[in-house]
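Given as structure tokens, the chain that follows is alone and in the form predicted alone.
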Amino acid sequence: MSSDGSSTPSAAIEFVDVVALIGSFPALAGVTMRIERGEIVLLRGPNGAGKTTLLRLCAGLLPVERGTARVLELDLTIDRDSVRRRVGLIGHTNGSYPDLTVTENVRFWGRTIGATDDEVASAMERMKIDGRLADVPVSRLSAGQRRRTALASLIARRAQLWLLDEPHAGLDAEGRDELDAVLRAAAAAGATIVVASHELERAGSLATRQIEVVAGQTREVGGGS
């Protein structure tokens, strides 16, 4: 509760002293951060700092070794399955099934939350993978087209938390502008966006806040902790 007696909105992500292991190595070594709903946050830092691990942890794909970790009000230490159903992660491999067509991929992910055919079609149109690309197997797409397919799947899923690892990679200039518009619209509609990127100028212009990841720990860029 706040000081005036009203309820305080829950954070999209709230970590306190979180440790996560890759094998026996502490890839995250005491992460403390809070990300509010509707924010667009840039994770920045050198290769190997733990950005991808942090995204995977937020998606419920890694166990929490120690600490307090809540995502969308769910405790990651006991309910990772529920977290995975409510978030969308796009990593370097995009997460699409190569033997399925573009439409089959978007429909598959959309129907995990009950998306209609119209919603699937709208998501495909939004990322410009309808028309001639609709029935093409993902294995035959360019890198940029695969990224568009993954993003359309995320739109169709209506994910509450978007976790994106180098989302602009493989996209041409038009695709990058379209992605930025999609992310801004998703945040305006209430989704929370977390982007890990080395493209600081591009991703930074989107972000409402930046968090630096160094040696498995986090700090606010420009001050704070």
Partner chain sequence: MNVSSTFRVARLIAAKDLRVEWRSRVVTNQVLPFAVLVMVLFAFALDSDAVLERVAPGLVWLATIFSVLFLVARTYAVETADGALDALRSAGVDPMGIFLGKTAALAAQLLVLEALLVSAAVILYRADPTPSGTVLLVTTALVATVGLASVGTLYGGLAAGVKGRETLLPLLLLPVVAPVLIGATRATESAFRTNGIAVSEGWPWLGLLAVFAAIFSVVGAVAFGSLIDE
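Computed from a predicted structure; not experimentally measured. Positions refer to the first chain, counted from 1.
Keep in mind that the form predicted in complex with its partner chain is not shown, yet the notes after this line are about it.
Looking at residue 44, you'd find every heavy atom of it more than 4.5 angstroms from its partner chain in the predicted bound form. When its partner chain is considered in the predicted bound form, residue 72 lies well away from it, no heavy atom lying within 4.5 Å. Using a 4.5 angstroms threshold between heavy atoms, residue 51 stays clear of its partner chain in the predicted bound form. Using a 4.5 Å cutoff between non-hydrogen atoms, residue 113 counts as a contact of its partner chain in the predicted bound form. Of the candidates 61, 171, 182, 29, 61 is the one whose heavy atoms come within 4.5 Å of its partner chain in the predicted bound form; the others do not.
This chain appears without its partner; in the predicted bound form, the one residue of 122, 101, 77, 145 with a heavy atom within 4.5 Å of its partner chain is 101. Contacts to its partner chain in the predicted bound form (heavy atom within 4.5 Å) from stretch 43 to 57: 56 only. Between the C-alpha atoms of residue 97 and residue 62, a gap widened by no less than 3 Å is obtained in the predicted bound form, as opposed to the form on display. By 3 Å or more, the C-alpha separation between residue 63 and residue 98 grows in the predicted bound form relative to the form shown here.
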